[in-house]
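What follows is a single chain, given as structure tokens, in the form predicted on its own.
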């Protein structure tokens, strides 16, 4: 049994946990830093759709922790947390290791929840990690190969039908990606891409209900209808059972069945079960924290990401929030080490980003300006790649991505398959997106300063014609 004394222990290697560890290391934090995570790779969740489609590589969005942490002061422990004793300041892992800590960061994330739906665990595929994205890609490829060899039209229809359960951001982004991607894959095998069917199943009639992306509802609905294969909607459908070849649901007091050879579950998550065992205040399994992200009764413990919520100023469980929380926790841990008071965390919401198909997205900058289509796609991917977990990896991957965008290399889908123009147009599109994005961001963030500074150039008037400001 290994005994480690007085380190700062971080549980969970998602955005909040990993960025806390990296920023502590960069600040020359004097205590040992231990990051405990059961997986060996970091899943950059916002870009899992690109991993599925091949638009980005595994090294870009599914890197190994040991590579990301190389050269840092962080000790990585691949293990599963078995118990947390807040009173004794102790963490036990499945392998028998014991970690006594001076400070603890809880960033265990969330788990897929199936709401006790019969058959969901056995017959649906989740989509929350790089491992699951790769598994889904292999499964879909296998289904397409089966379909091309199937003379029976009814069985082929089953194999070519995909049900996506849940119309939150993950369900919509996945449905849009598959509706562009699967027809291309099937055409390459010699099949008829028009036979592909993608169905988005939702309990209510509203998509993005209660989500930070609610204001993108109309944009998302239009995008789903304008894919290579339009996404079918099945709304007001309460899923009651999942079978090996379909989805049973209640609709208008009638039990009905949707036949599908692939069923993907994006309908919800629940906080890590270990958190529910802790003797602290909670809200639906998420730990209630102070404005400094500390547990009120255990100030040596911080919690962030999907694990935590503040009763006064709750934040959505998104990557940009967890990223900022990780930086703030690292700063507060440094203050504690210096015997200084911790400071409240200030989260700056910079807008939202969504993938709406291959090479298409929407960047809703500061919730004021929507940039759509390929420019939105470039801004989305460029923004996320800038959040990659260390500077060396960041520069390398961002350079590779930009090269791939401009020269269309290493792509699983070719430019002509997507109806794009050749290389020169790709360069022009990327350049136009970057050139246009800068003044749009400035205008959205500081409209008065933007107007005063550039009125003499005519740029404000031009942008008002190209992209009128939101009222």
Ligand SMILES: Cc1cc2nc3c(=O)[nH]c(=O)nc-3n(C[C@H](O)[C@H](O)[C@H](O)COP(=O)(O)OP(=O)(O)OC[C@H]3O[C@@H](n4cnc5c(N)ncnc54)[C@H](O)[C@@H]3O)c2cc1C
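What you see is a predicted model, and the numbers here were worked out from it, not measured in a lab. Residue numbers count along the first chain shown, from 1.
FYI, the form predicted in complex with the named molecule isn't displayed, but the following is about it.
*Asks:* Please state whether every one of the three residues 292, 296 and 301 places a non-hydrogen atom within 4.5 angstroms of the named molecule in the predicted complex.
*Replies:* Zero of three within 4.5 Å in the predicted complex.
*Asks:* Within 4.5 Å, heavy atoms only, which of 158, 136, 81, 184 is in contact with the named molecule in the predicted complex?
*Replies:* By the 4.5 Å criterion, the partner-contacting residue is 81.
*Asks:* Have a look at 53 to 61, 40 to 48, 66 to 74, 23 to 31 and name the one stretch with heavy atoms inside 4.5 Å of the named molecule in the predicted complex.
*Replies:* Contact criterion met by 40 to 48 only.
*Asks:* Any of the heavy atoms of residue 167 lying within 4.5 Å of the named molecule in the predicted complex?
*Replies:* Output for residue 167 is no: heavy atoms all beyond 4.5 Å of the named molecule.
*Asks:* Even though the partner isn't displayed, in the predicted complex is residue 172 close enough to the named molecule, meaning a heavy atom within 4.5 Å?
*Replies:* Close contact is absent here: in the predicted complex, residue 172 is far from the named molecule, nothing within 4.5 Å, heavy atoms only.
*Asks:* So, residue 336 and the named molecule: in the predicted complex, are they within 4.5 Å at any heavy atom pair?
*Replies:* Contact check for residue 336: no, nothing within 4.5 Å of the named molecule in the predicted complex.
*Asks:* Give a yes/no on whether residue 381 approaches the named molecule to within 4.5 Å in the predicted complex, heavy atoms considered.
*Replies:* Residue-level check for residue 381: no, no contact with the named molecule.
*Asks:* Across 15 to 33, which residues bring a heavy atom to within 4.5 Å of the named molecule in the predicted complex?
*Replies:* The stretch 15 to 33, when checked against the named molecule in the predicted complex, contributes 15, 16, 17 at the 4.5 Å heavy-atom cut-off.
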